[in-house]
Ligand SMILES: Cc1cc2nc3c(=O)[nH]c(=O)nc-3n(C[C@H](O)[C@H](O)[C@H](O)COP(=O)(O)OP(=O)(O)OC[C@H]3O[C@@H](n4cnc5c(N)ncnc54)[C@H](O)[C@@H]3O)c2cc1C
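Presented as C-alpha cells, the chain that follows is alone, the form predicted alone.
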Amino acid sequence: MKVIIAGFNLDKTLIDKYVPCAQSTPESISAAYARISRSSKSVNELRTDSLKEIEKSRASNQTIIFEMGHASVAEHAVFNVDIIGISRYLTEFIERSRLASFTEKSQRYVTFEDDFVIPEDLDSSIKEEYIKLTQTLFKEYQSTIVTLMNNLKAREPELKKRDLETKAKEDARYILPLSTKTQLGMTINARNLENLLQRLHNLPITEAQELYRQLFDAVCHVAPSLIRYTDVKKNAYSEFDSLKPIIKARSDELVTLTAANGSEVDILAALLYEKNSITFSDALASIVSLTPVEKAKLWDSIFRDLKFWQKLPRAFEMCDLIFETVMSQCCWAQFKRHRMCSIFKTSEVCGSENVIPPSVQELEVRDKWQNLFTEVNLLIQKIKQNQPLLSNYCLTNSHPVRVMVKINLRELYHFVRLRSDQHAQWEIRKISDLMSSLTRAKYPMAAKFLMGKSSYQKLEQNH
C-alpha cells in the first residue's frame, strides 16, 4: 500500500511566486485522474506526465468531460475564491449551491458599517429614496447595538464586553437590509462552479452579471478546459407565473410537520439487512415479529454510548420528514446552510409580521423599528411595480419567509445537535426545538436522542 499527497490548497500568492505559470493549474490533476481507469501506469506517474504536457492535458479534459460526458472528472479541480463587497442578497443566492463550502462575514460577531450595494439598474426616480432609507436603517442598527448593550449590562453585569457586543449585534442585525455589503470565502470544484455560473448568468440583475463575468474570467484563465457551458438558459417555468394558487388556509405556525414517510421498523430492518444476506422484505418480517421488549433492546444497542459528534447509521435515512416553517431572513441565512436536505423557499415574503427579537420588543426602539418596516414595505411595493427582483435589496433581516424542508432522520440529528444547542441563535433554536418535538412524537424510539450538543454533555455528566 502507498499513500501520496497529490495536492492541497495553497495561497495563490505562493503559487504565483514558486510555481511556473504554465503549470499553475488544477487541470493536470483532473487529466491524470481521468486516465487512471484506462492506463496501467501508477497514478503518480500519470500526474508527472500530465504536468509535462499541459496542453495535452487540457485537450484530454475537454474530450472526457464535454464530449464523453464524464463530468465528475471536473470535480478533481478545486478552487478557493474570495468574494468581496457583494450584497447579502446575492450571497444568499450563491450559498444555495449544494456541494460547495462557504464561510461568510458574520453579522453576529462583526459590526457592519454604512456600506451597502446600490443596484446600478435601479430606477433613478427611486434611487435617492432607496439610499436615504437604507442609511436610516444602518443608523438604527448602530443605535440599537448601543441600547441593547446598555440594557444587557444592567441586567447581566457579569458579562464581559465582548459577550455584550456579540449578544447586542445578534439582535440588532435584524434591522439590516439585504443590500448590506459582505464578503465570503468559497471552496468549490469546477463542476459545481460551472453550475453556479449558469445560475448567475440566469439572474437578470447587474450585480449577478458582474460576479458572473469576474468569476468566469478568473477561473477560465487558470483552467480553460474545465468549464464550458455557463451561458445555458434555464427553464423559468413561466407557465406558473399566471397560475393563481387556491389558498384554503394560511398557516402562521412556526413549524408544521406536513408529512412523514418511513417507520421505525424500516430503520431496524435496514440495519438487519446490512448484516445478513437476505431480502429487505425478510428483514422487515423479522423485525415485525419481535416483541416490544426485544425491539427496545435493539434501540438501546444503537444509542449505547452515543456521543454528540457521532453520526447515526445510514439506516436512519429510511425515514423522511417534510416540515413547513415561517422564519426571518436572518434565520434563513443559517437554515439554508444545511444543504444536504431539500429546501424550498417562497420567492415572496409571507404575510406574517416582521420578526423582532425579544430583546428589542421590550425596549422603546420597537416602535422605531415598526415605523421603519412600514417605510421599507412601501418602498418595496414601489420597486416591485417595474423591477420586482431589485425589491429584494430592500428586505431586512427581519422580513419573514416561508420555507419547506424535506429531511431524513439522520440529517435531522445533525441539524438539531447544532441548532438546539444552548449556544445556538435564539430563532433557529426555537425552530429546531419544535422540529425535534414533532419528530419525537412521530418516532419516539428513533428520535429519542434528538437534542442539542449541550444536552448530550449533560447526559454524560449525569452518568
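Since this is a predicted model, take the numbers as computed values, not measurements. Residue numbers here begin at 1 and follow the sequence given.
Note that the form predicted in complex with the named molecule isn't included here; everything after this is about it.
Residues F102, R108 and L418 are all found to lie within 4.5 Å of the named molecule in the predicted bound form, as judged by heavy atom distances. Residues placing heavy atoms within 4.5 Å of the named molecule in the predicted bound form fall in a single listed stretch, namely 332-340, out of 212-220, 379-387, 153-161, 332-340. Just one of K275, K311, K139, K234 comes within 4.5 Å of the named molecule in the predicted bound form, counting any heavy atom, and that one is K311. Contact annotation: of the candidates H414, K56, K406, H70, the single residue with a non-hydrogen atom within 4.5 angstroms of the named molecule in the predicted bound form is H414.
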